[in-house]
Structures are given as C-alpha cells and as structure tokens.
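So this first bit is one chain, no partners, the form predicted alone, shown in structure tokens.
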C-alpha cells in the first residue's frame, strides 16, 4: 500500500539539505510508529521517495514524500502522531493513499510547481511590474542553462506555464520534474540581466507553494499531487 505525505518546510530548516531531510523522515517514521515497509535483502531500507528535493535556502508549503506501508493507518491519526514527534520547521499536512502503480510516484509524474518570489535584498526600479510584464511578453527568453556536463543555450519561455504579480511578489508556475525542470532563480536572473541590473545587487526569496502532475483529462491543466490520493480511515 502506497501513501503520499505532504509537508511544510520553513524557518531555520530551510538551510538543511535533502539528505538531512531524508534522514529526519527515517527517524520520524520510527518515532511516530508509522508501519513503513522495507526492501528485502541483506541491507533492508525504508521504501520512500521524494517528489522533488527542495534547494537549500528555499521554504515550502507543498513538499511530497511517497512511502509504502506494511499495513493501513488512519490518515488523521498518523498526521497527528508525526507532528507530535516532528521539530519546528517541518509540519506534516496530510497522508493520503495513492495508486500502487510504480509509474504513479510523485517523482515520476511531477510536471509543474508553483513558486512565490519576493524581494530579499536590494532595490528594483519603481516600475518593475511593467518591466516584468514586458519581459514575460517575449516570445522567447533565451538563457544559458548549466547541465551536468556542459552549458547550453535554451528558450525557457515555454517552461513558464503561468505568471502573476501579487502583493507579496511574483507567482510563477514553472515546469518541474525529470522531463523539463525550470528553477525560479533562473527566471529572475534572466529578468535582471535584461534590465542591466547586476545580479549581485538584488536577491530574491523563493517559496514553493505546490507541486502538480498533468491533469488526467489531458486538458493541458494540472492537478496537485495531494489531490491524486484519498484519506484513509481504520
């Protein structure tokens, strides 16, 4: 039985890396008495996978961890137990049963993510909203993207699915996952360079809001990873 855990990462824990988050959840499973399943063989380990590791320095309201259970649990009770054993900076939001198909893991189906971008330090021009709208109106936004082995020039405009200027900053829905992945800092670096604003004079804070899979209706829309599961009662 596979379940999907949604959690928040905030505060000082934004500075811990993915491996530390993984170790934390391994301990949390034991402390909260969550009946997680283990692999076989001489060196068994917990069956868990994260949809998309969060970069150091980012906070999030929509992180996802898929695990396999040895027996059913009550969703509300399991969330309560995990939060009682958790630490400040990690809050469990839900635990929902998902499809047992291997191809339906969050890591596999992830296709988009929402980010809220706000100014951290420095100063933007007074009319930055108009400048950003002009920036996004371009048919192409070409940047140099770093790959594992080299650098290449790519057009990131098709990877920006939606954008909106909010009171708190800029809301971006970007391509995410193994097929196409765009980080919000690359978008903002491209914006700054287009305005001849030195990147070392302005910095932004990035907060991930949610992660999505493609809609099953093939309408070009998205469905949150949480919505693809259902609560369990025991």
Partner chain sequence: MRKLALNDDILLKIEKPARYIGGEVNSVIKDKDKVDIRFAMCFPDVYEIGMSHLGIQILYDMFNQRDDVWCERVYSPWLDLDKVLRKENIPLFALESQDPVRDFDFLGVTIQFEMCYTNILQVLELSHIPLHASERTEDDPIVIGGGPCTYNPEPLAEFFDIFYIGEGETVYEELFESYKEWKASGGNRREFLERAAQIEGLYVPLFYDAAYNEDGTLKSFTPNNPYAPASVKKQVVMNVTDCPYPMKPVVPFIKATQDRVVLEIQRGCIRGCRFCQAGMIYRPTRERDVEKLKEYARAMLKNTGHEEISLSSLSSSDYSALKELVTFLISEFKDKGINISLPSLRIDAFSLDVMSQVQDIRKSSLTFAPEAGSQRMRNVINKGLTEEDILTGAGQAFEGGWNKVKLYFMLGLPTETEEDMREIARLSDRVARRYYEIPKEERNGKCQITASSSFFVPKPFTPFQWASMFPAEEYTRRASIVKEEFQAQLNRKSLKYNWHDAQTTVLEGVMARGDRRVSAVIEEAYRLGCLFDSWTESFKNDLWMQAFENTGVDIDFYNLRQRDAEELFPWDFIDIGVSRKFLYKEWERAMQGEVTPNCRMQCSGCGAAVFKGGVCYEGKN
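Numbering follows the first chain given and starts at 1. Values in this document were obtained by computation on a predicted structure and should not be read as measured data.
The form predicted in complex with its partner chain is left out here; the points below concern that form.
Candidate site formed by 11, 24 and 33: every one of these residues places a non-hydrogen atom within 4.5 angstroms of its partner chain in the predicted complex. Contact check for residue 88: a non-hydrogen atom falls within 4.5 Å of its partner chain in the predicted complex. With a 4.5 Å cutoff on heavy atoms, residue 214 does not count as touching its partner chain in the predicted complex; it lies far away. Taking the partner from the other structure, its partner chain in the predicted complex has a heavy atom within 4.5 Å of a heavy atom of residue 56. Among residues of the shown chain, residue 142 is not one whose heavy atoms approach its partner chain to within 4.5 Å in the predicted complex. Figure note: of the listed segments 193-201, 24-32, 62-70, 180-188, the one touching its partner chain in the predicted complex, with heavy atoms no more than 4.5 Å away, is 24-32. Residues are counted as partner-facing when one of their heavy atoms sits within 4.5 Å of its partner chain in the predicted complex; in 99-120 only 120 qualifies.
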